[in-house]
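Only one chain comes next, encoded as structure tokens, the form predicted on its own.
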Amino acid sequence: MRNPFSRRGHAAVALGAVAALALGACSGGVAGGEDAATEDEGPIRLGMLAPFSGSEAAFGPYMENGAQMAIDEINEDGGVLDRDLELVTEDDACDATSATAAANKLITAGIVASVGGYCSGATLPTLPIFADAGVPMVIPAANSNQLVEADENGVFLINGTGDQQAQAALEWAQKQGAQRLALVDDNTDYSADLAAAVAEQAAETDIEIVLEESVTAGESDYSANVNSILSADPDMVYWTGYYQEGGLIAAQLAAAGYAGELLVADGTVDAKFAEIAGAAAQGVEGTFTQTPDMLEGAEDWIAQYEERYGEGPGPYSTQAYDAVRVVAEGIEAAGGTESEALIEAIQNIDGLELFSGPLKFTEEGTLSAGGFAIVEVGPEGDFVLLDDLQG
């Protein structure tokens, strides 16, 4: 895997607090699962569902690596409540059926909190499973509005929501002077939800939605969709699906003579997009949450990651790192892992420094600020920061 970002520092962020977890030592009871979750001894287990197989398999290791870094740092500092943390991972393959089975495996393994969730369509059916087991979820990547609308107890998102990403996309479109916007999704919950959010918010702007098109994921020929896009004559296309189909559509749009702007959503912001799109990737822009690669002060964390894994941190490695830290902070504040106390403690976290900034959750368990930025494909095929949308 390659580092999909460049080292461009823009916003000044003090990340000393990121690396320095002030986790004291005291005792506390536990409850909520088997084994470690029902004992006061042994490691406290955190579960992670992520795609380690299937079309989105590139993201699973990024997330696992980030989470494991946080766990190792916390354990080296004495653990939480005098106990080590332990990460238990399961492959959800970005598939709802696989995710349901994998979530039940994590419950059986005795996890006290979940720090996973990449594909929204795979994460959504796991919400009631974890809620019924009293396991709070700190979701590092999945961000469909449906995750919020499900209104399950103990669900927290540390990635911006679909509404917040839609707001960033429209802000960028207006900044670019786009007036005719085409929305193309891949029919997944995440993608369709994001496209719908853009369409709804566009009604409050001077941007006209000239096309709402859905493609069938897994195909290789999208010429019919490309013809629909060209017929709509947009000056910007916003692709809200994942990189596999996004790369093919970008290449086929360019081959068909599309000369307008192509903006992609965070599910496509990966170096593999450029590998698939080829020359058509140049100039493609994306909506994405801030990463340490884009922030001053994150060089040490990146260097540690590279030294440990032999490559740079990929998408959602930092969010997974922060998800573990949020849970650790919650356990510390709750004095244990009893479900309701832990959920309340996570809800009340105020000011914990994450890569995205000081943490404060809304009543719905979403970030009080979205933090989406605009990235673009650079000369080497990596996505680099283009505009932080801060002014």
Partner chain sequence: MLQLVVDGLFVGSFYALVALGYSMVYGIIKLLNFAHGDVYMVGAFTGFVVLSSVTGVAAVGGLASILIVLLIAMLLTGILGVTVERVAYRPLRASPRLAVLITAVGVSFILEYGVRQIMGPNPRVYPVRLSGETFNLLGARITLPQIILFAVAAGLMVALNYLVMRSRDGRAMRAIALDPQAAKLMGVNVDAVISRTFFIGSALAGAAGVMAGAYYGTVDFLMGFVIGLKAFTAAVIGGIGNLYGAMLGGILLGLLESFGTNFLGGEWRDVFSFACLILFLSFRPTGILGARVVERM
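Keep in mind that this is a model prediction, so the values were computed, not measured. Residue numbers count along the first chain shown, from 1.
Unshown form predicted together with the partner chain; subsequent notes refer to it.
- request: Given the partner chain in the predicted bound form, answer whether the residues L157, Q304 and G312 all have a heavy atom inside 4.5 Å of it.
  value: Zero of three within 4.5 Å in the predicted bound form.
task: Counting only non-hydrogen atoms, choose the one of 242-250, 159-167, 129-137, 196-204 that falls within 4.5 Å of the partner chain in the predicted bound form.
output: Among the listed stretches, the partner-contacting one is 242-250.
- request: Indicate whether S53 is a 4.5 Å heavy atom neighbour of the partner chain in the predicted bound form.
  value: Heavy-atom contact with the partner chain at 4.5 Å: present for S53.
- prompt: How about R180: is it within 4.5 Å of the partner chain in the predicted bound form, going by heavy atoms?
  reply: Flag for R180 set to no.
- request: Tell me, yes or no, whether Q146 is in contact with the partner chain in the predicted bound form, where a contact means a heavy atom of each within 4.5 Å.
  value: Q146: no, not in contact with the partner chain in the predicted bound form.
message: I'd like to know whether A333 contacts the partner chain in the predicted bound form, with contact meaning heavy atoms within 4.5 angstroms.
response: Close contact is absent here: in the predicted bound form, A333 is far from the partner chain, nothing within 4.5 Å, heavy atoms only.
query: Heavy atom within 4.5 Å of the partner chain in the predicted bound form: which of S98, T89, S214, T188?
result: Comparing distances to the partner chain in the predicted bound form, the residue within 4.5 Å is S214.
message: Using a 4.5 Å heavy atom cut-off, which residue among D72, E275, E208, E299 comes into contact with the partner chain in the predicted bound form?
response: Only one listed residue qualifies here, and that residue is E275.
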